[in-house]
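To begin, one chain is listed below as C-alpha coordinates, in the form predicted on its own.
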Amino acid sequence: MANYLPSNLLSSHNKTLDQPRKDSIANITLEYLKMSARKGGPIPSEYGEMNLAMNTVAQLHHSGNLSHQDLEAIRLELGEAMTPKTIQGFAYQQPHGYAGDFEIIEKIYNNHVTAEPHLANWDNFFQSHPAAQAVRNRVSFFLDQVWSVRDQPGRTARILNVASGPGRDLHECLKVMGPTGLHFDCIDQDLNAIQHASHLCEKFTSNISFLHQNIFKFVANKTYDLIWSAGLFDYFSDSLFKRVIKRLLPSLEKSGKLVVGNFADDNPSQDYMEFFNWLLHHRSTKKLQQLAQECGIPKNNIQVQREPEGVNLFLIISAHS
(Lines give C-alpha, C1' and ligand atoms only; values in the text may rest on other atoms or scores of the structure.)
Protein backbone atom coordinates (compact mmCIF):
# COMPACT_ATOMS: atom_id res chain seq x y z
CA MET A 1 0.00 0.00 0.00
CA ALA A 2 2.99 2.31 -0.12
CA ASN A 3 2.15 5.77 -1.46
CA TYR A 4 -1.50 4.80 -1.86
CA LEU A 5 -2.53 8.08 -0.27
CA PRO A 6 -0.98 11.34 -1.49
CA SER A 7 0.65 13.26 1.34
CA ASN A 8 -1.40 16.38 0.55
CA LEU A 9 -4.65 14.43 0.46
CA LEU A 10 -6.56 17.04 2.41
CA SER A 11 -5.13 20.49 2.99
CA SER A 12 -5.85 22.60 6.07
CA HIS A 13 -7.92 24.76 3.75
CA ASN A 14 -10.27 21.92 2.86
CA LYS A 15 -13.34 24.16 3.09
CA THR A 16 -12.26 25.82 -0.17
CA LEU A 17 -12.38 22.54 -2.07
CA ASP A 18 -15.38 21.91 -4.30
CA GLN A 19 -17.79 19.12 -3.45
CA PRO A 20 -16.62 16.70 -6.18
CA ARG A 21 -13.07 17.01 -4.84
CA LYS A 22 -14.27 16.37 -1.27
CA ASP A 23 -16.25 13.35 -2.43
CA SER A 24 -13.19 12.07 -4.24
CA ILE A 25 -11.04 12.45 -1.13
CA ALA A 26 -13.63 10.59 0.96
CA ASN A 27 -13.81 7.78 -1.61
CA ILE A 28 -10.02 7.42 -1.84
CA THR A 29 -9.79 7.29 1.94
CA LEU A 30 -12.58 4.74 2.20
CA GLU A 31 -10.94 2.52 -0.41
CA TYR A 32 -7.64 2.74 1.45
CA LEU A 33 -9.25 1.71 4.74
CA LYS A 34 -11.12 -1.16 3.08
CA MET A 35 -7.93 -2.40 1.45
CA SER A 36 -6.06 -2.16 4.76
CA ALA A 37 -8.79 -4.15 6.48
CA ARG A 38 -8.64 -6.85 3.82
CA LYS A 39 -4.89 -7.31 4.29
CA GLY A 40 -5.13 -7.37 8.11
CA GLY A 41 -4.33 -3.77 9.04
CA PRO A 42 -1.27 -1.55 8.72
CA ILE A 43 2.31 -2.65 9.25
CA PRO A 44 4.81 -0.16 10.72
CA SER A 45 5.91 1.19 7.32
CA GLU A 46 2.25 2.08 6.64
CA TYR A 47 1.49 3.84 9.93
CA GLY A 48 2.02 7.26 8.39
CA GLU A 49 -0.53 6.58 5.66
CA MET A 50 -3.03 5.13 8.12
CA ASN A 51 -2.71 8.16 10.38
CA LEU A 52 -3.21 10.40 7.34
CA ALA A 53 -6.38 8.48 6.51
CA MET A 54 -7.66 8.95 10.07
CA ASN A 55 -6.79 12.66 9.97
CA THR A 56 -8.63 12.99 6.66
CA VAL A 57 -11.76 11.29 7.97
CA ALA A 58 -11.73 13.58 11.02
CA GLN A 59 -11.30 16.74 8.96
CA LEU A 60 -14.09 15.79 6.57
CA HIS A 61 -16.35 14.98 9.51
CA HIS A 62 -15.54 18.15 11.47
CA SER A 63 -16.07 20.34 8.38
CA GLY A 64 -19.51 18.84 7.79
CA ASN A 65 -18.51 17.05 4.60
CA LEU A 66 -18.88 13.59 6.10
CA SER A 67 -22.10 12.83 7.96
CA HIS A 68 -22.29 10.75 11.11
CA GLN A 69 -24.00 8.03 9.08
CA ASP A 70 -21.19 8.08 6.52
CA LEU A 71 -18.63 7.86 9.30
CA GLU A 72 -20.43 4.87 10.78
CA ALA A 73 -20.46 3.22 7.36
CA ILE A 74 -16.69 3.69 7.07
CA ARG A 75 -16.15 2.15 10.50
CA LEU A 76 -18.25 -0.86 9.57
CA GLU A 77 -16.13 -1.42 6.44
CA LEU A 78 -13.25 -2.39 8.74
CA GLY A 79 -15.15 -5.50 9.77
CA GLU A 80 -13.56 -7.47 12.61
CA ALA A 81 -11.10 -4.65 13.21
CA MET A 82 -13.99 -2.72 14.79
CA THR A 83 -15.14 -5.55 17.06
CA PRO A 84 -13.98 -6.22 20.65
CA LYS A 85 -11.37 -8.59 19.22
CA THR A 86 -9.13 -5.50 18.78
CA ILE A 87 -8.43 -2.72 21.26
CA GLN A 88 -9.83 -0.03 18.97
CA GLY A 89 -12.93 -2.17 18.40
CA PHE A 90 -13.32 -2.77 22.13
CA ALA A 91 -13.29 0.99 22.69
CA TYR A 92 -15.76 1.51 19.85
CA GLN A 93 -18.21 -1.17 20.99
CA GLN A 94 -17.96 -0.07 24.67
CA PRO A 95 -18.99 -3.37 26.31
CA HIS A 96 -18.69 -1.71 29.73
CA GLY A 97 -20.80 1.24 28.63
CA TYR A 98 -18.06 3.81 28.18
CA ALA A 99 -14.85 4.38 26.25
CA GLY A 100 -11.57 4.24 28.12
CA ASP A 101 -12.84 1.56 30.52
CA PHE A 102 -10.59 -0.39 32.88
CA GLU A 103 -10.01 -3.21 30.39
CA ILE A 104 -8.82 -0.81 27.70
CA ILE A 105 -6.48 0.95 30.13
CA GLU A 106 -5.11 -2.38 31.38
CA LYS A 107 -4.48 -3.52 27.81
CA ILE A 108 -2.61 -0.29 27.12
CA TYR A 109 -0.50 -0.63 30.27
CA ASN A 110 0.40 -4.20 29.32
CA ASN A 111 1.05 -3.48 25.62
CA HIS A 112 -1.54 -6.13 24.83
CA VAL A 113 -1.78 -7.50 21.28
CA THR A 114 -4.52 -9.91 20.28
CA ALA A 115 -3.56 -13.54 19.75
CA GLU A 116 -5.55 -13.59 16.51
CA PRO A 117 -2.90 -13.18 13.77
CA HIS A 118 -5.21 -11.56 11.22
CA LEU A 119 -6.01 -8.72 13.66
CA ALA A 120 -2.67 -8.25 15.45
CA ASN A 121 -1.56 -5.42 13.14
CA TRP A 122 -4.44 -3.28 14.39
CA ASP A 123 -3.42 -3.68 18.03
CA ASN A 124 0.22 -2.99 17.18
CA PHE A 125 -0.90 0.17 15.40
CA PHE A 126 -2.98 1.20 18.41
CA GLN A 127 -0.12 0.59 20.86
CA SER A 128 2.28 2.58 18.67
CA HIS A 129 0.30 5.76 19.17
CA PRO A 130 1.57 8.60 21.36
CA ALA A 131 -1.68 8.52 23.33
CA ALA A 132 -1.10 4.88 24.30
CA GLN A 133 2.46 5.61 25.40
CA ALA A 134 1.21 8.61 27.36
CA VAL A 135 -1.16 6.33 29.29
CA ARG A 136 1.72 3.99 30.09
CA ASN A 137 3.73 6.97 31.30
CA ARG A 138 1.10 7.68 33.94
CA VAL A 139 2.56 4.95 36.13
CA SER A 140 5.93 6.64 36.63
CA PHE A 141 4.25 10.04 37.04
CA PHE A 142 2.00 8.56 39.73
CA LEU A 143 5.01 6.99 41.43
CA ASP A 144 6.73 10.39 41.57
CA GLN A 145 3.66 11.98 43.15
CA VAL A 146 3.35 9.28 45.80
CA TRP A 147 7.08 9.49 46.62
CA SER A 148 6.66 13.21 47.26
CA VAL A 149 4.04 12.67 49.98
CA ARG A 150 5.15 9.33 51.42
CA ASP A 151 7.07 10.50 54.48
CA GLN A 152 4.51 12.07 56.78
CA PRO A 153 5.78 12.70 60.33
CA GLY A 154 4.27 10.22 62.76
CA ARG A 155 1.52 8.86 60.50
CA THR A 156 0.63 7.01 57.33
CA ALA A 157 0.36 9.06 54.14
CA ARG A 158 -3.19 9.07 52.80
CA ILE A 159 -3.86 9.01 49.03
CA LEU A 160 -7.23 9.21 47.30
CA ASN A 161 -7.30 7.67 43.81
CA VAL A 162 -10.36 8.93 41.92
CA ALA A 163 -11.60 6.68 39.08
CA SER A 164 -8.91 4.15 39.94
CA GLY A 165 -9.73 1.87 37.00
CA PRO A 166 -7.73 -1.36 36.70
CA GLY A 167 -5.43 -0.43 39.59
CA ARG A 168 -2.29 -0.99 37.54
CA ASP A 169 -0.64 2.28 38.63
CA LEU A 170 -1.45 1.42 42.24
CA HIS A 171 -0.03 -2.09 41.93
CA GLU A 172 3.20 -0.92 40.31
CA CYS A 173 3.60 1.83 42.90
CA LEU A 174 3.27 -0.52 45.87
CA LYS A 175 5.46 -3.14 44.20
CA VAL A 176 8.26 -0.59 43.76
CA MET A 177 7.88 1.43 46.96
CA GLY A 178 6.55 -1.19 49.34
CA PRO A 179 3.43 -0.73 51.43
CA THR A 180 5.01 0.86 54.49
CA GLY A 181 3.62 4.25 55.41
CA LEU A 182 0.96 4.38 52.68
CA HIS A 183 -2.79 3.94 52.50
CA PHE A 184 -4.94 4.37 49.40
CA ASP A 185 -8.67 4.98 49.13
CA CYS A 186 -9.76 4.11 45.59
CA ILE A 187 -13.06 5.28 44.12
CA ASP A 188 -14.62 3.87 40.97
CA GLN A 189 -18.21 3.71 39.77
CA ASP A 190 -17.54 0.51 37.79
CA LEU A 191 -17.80 -2.52 40.06
CA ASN A 192 -16.00 -4.64 37.44
CA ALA A 193 -13.04 -2.26 37.64
CA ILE A 194 -12.96 -2.58 41.43
CA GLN A 195 -13.08 -6.36 41.26
CA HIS A 196 -10.23 -6.40 38.74
CA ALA A 197 -8.11 -3.99 40.79
CA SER A 198 -8.82 -5.88 44.03
CA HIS A 199 -7.56 -9.09 42.48
CA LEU A 200 -4.51 -7.41 40.95
CA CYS A 201 -3.57 -5.74 44.25
CA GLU A 202 -4.49 -8.64 46.57
CA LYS A 203 -1.00 -8.67 48.09
CA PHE A 204 -1.58 -5.14 49.37
CA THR A 205 -5.14 -5.39 50.70
CA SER A 206 -4.23 -3.92 54.10
CA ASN A 207 -3.06 -0.76 52.35
CA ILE A 208 -6.04 -0.24 50.05
CA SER A 209 -9.73 0.48 50.51
CA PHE A 210 -11.86 0.18 47.38
CA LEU A 211 -15.04 2.25 47.31
CA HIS A 212 -17.78 1.60 44.77
CA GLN A 213 -19.03 5.16 44.45
CA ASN A 214 -19.80 7.93 42.00
CA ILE A 215 -17.52 10.91 42.49
CA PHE A 216 -20.53 13.26 42.44
CA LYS A 217 -21.88 11.52 45.55
CA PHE A 218 -18.60 10.83 47.33
CA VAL A 219 -18.19 12.46 50.73
CA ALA A 220 -14.74 12.12 52.27
CA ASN A 221 -14.49 11.40 55.99
CA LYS A 222 -10.80 12.25 56.13
CA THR A 223 -8.22 14.49 54.49
CA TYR A 224 -5.56 13.38 52.01
CA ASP A 225 -1.94 14.19 51.31
CA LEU A 226 -2.49 13.41 47.62
CA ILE A 227 -5.66 13.26 45.56
CA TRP A 228 -4.93 11.69 42.17
CA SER A 229 -7.15 11.29 39.14
CA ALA A 230 -5.36 10.26 35.95
CA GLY A 231 -8.14 9.63 33.47
CA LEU A 232 -11.47 11.09 34.52
CA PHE A 233 -11.50 14.84 34.10
CA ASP A 234 -11.11 14.90 30.32
CA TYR A 235 -14.54 13.27 30.11
CA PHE A 236 -16.01 16.31 31.89
CA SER A 237 -17.33 19.54 30.43
CA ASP A 238 -15.72 22.66 31.88
CA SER A 239 -18.58 23.13 34.34
CA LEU A 240 -18.37 19.54 35.62
CA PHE A 241 -14.58 19.78 35.74
CA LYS A 242 -14.81 22.76 38.11
CA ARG A 243 -17.62 21.20 40.13
CA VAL A 244 -15.53 18.12 40.95
CA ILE A 245 -12.40 20.15 41.67
CA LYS A 246 -14.37 22.22 44.18
CA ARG A 247 -15.79 19.06 45.69
CA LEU A 248 -12.34 17.55 46.22
CA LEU A 249 -10.40 20.58 47.47
CA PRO A 250 -11.77 20.53 51.04
CA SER A 251 -10.43 16.98 51.40
CA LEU A 252 -6.81 18.07 50.95
CA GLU A 253 -4.41 18.20 53.87
CA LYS A 254 -2.89 21.64 54.45
CA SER A 255 0.30 20.45 52.76
CA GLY A 256 -1.49 18.22 50.25
CA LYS A 257 -1.94 18.41 46.50
CA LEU A 258 -4.55 17.49 43.92
CA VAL A 259 -3.24 16.05 40.63
CA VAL A 260 -5.58 15.76 37.66
CA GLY A 261 -4.69 14.26 34.28
CA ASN A 262 -6.08 15.59 31.00
CA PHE A 263 -5.15 14.82 27.40
CA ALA A 264 -3.53 17.84 25.74
CA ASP A 265 -5.26 19.65 22.89
CA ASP A 266 -2.26 18.92 20.66
CA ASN A 267 -2.64 15.15 21.15
CA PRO A 268 -1.48 13.71 17.79
CA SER A 269 -3.67 10.63 18.36
CA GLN A 270 -6.90 12.60 18.73
CA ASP A 271 -8.24 11.95 15.21
CA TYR A 272 -7.55 8.24 15.50
CA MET A 273 -9.22 8.07 18.93
CA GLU A 274 -12.27 9.88 17.59
CA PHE A 275 -12.46 7.43 14.70
CA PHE A 276 -13.35 4.65 17.15
CA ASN A 277 -15.47 7.03 19.22
CA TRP A 278 -13.14 7.65 22.18
CA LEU A 279 -14.23 11.25 22.73
CA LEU A 280 -12.52 13.48 25.27
CA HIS A 281 -12.33 17.15 26.23
CA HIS A 282 -8.76 17.89 25.17
CA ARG A 283 -7.34 20.95 26.94
CA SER A 284 -4.28 23.18 26.82
CA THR A 285 -2.03 24.19 29.69
CA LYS A 286 -3.61 27.63 29.60
CA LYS A 287 -7.11 26.17 29.75
CA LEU A 288 -6.31 23.99 32.76
CA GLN A 289 -4.79 26.95 34.56
CA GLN A 290 -7.86 29.01 33.76
CA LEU A 291 -10.27 26.37 35.08
CA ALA A 292 -8.30 26.05 38.31
CA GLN A 293 -8.30 29.82 38.83
CA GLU A 294 -12.05 29.88 38.20
CA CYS A 295 -12.33 27.50 41.17
CA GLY A 296 -10.79 30.23 43.33
CA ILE A 297 -7.30 28.72 43.45
CA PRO A 298 -4.45 31.26 43.60
CA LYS A 299 -2.20 31.30 40.55
CA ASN A 300 0.86 30.46 42.68
CA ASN A 301 -0.81 27.21 43.76
CA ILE A 302 -1.23 25.96 40.20
CA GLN A 303 1.21 24.01 38.03
CA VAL A 304 0.76 22.08 34.80
CA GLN A 305 3.24 19.36 33.87
CA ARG A 306 3.51 16.87 30.99
CA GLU A 307 4.62 13.26 30.97
CA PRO A 308 7.59 12.49 28.67
CA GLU A 309 5.44 11.86 25.59
CA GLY A 310 3.96 15.35 26.01
CA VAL A 311 0.41 14.09 25.39
CA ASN A 312 -0.96 13.85 28.95
CA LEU A 313 -1.08 17.07 30.93
CA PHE A 314 -1.29 17.05 34.72
CA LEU A 315 -2.87 19.92 36.59
CA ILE A 316 -1.24 20.10 40.03
CA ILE A 317 -3.02 22.13 42.69
CA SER A 318 -1.22 22.72 45.97
CA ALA A 319 -3.15 23.41 49.12
CA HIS A 320 -0.49 25.89 50.24
CA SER A 321 1.39 28.70 48.44
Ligand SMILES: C[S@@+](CC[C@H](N)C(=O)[O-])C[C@H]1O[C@@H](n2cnc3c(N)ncnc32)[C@H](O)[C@@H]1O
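Throughout, we count residues from 1 along the sequence that is shown. Only a predicted model underlies this, so the values are computations on that prediction, with no experimental measurement involved.
Absent from the display: the form predicted together with the ligand. The rest refers to it.
Between the ligand and the residues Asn110, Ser239, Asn214, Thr156, the one pair within 4.5 Å by heavy atoms in the predicted complex involves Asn214.
In the predicted complex, no heavy atom of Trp147 sits within 4.5 Å of the ligand.
The ligand is not shown here, but in the predicted complex it comes within 4.5 Å of a heavy atom of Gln189. With a 4.5 Å cutoff on heavy atoms, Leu232 counts as touching the ligand in the predicted complex. Residue contact with the ligand in the predicted complex: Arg138 places a heavy atom within 4.5 Å of it. Per the 4.5 Å heavy atom criterion, the ligand in the predicted complex is contacted by stretch 160-168, the sole one of 111-119, 160-168, 85-93, 199-207. Residues in 30-63 all lack a heavy atom within 4.5 Å of the ligand in the predicted complex.
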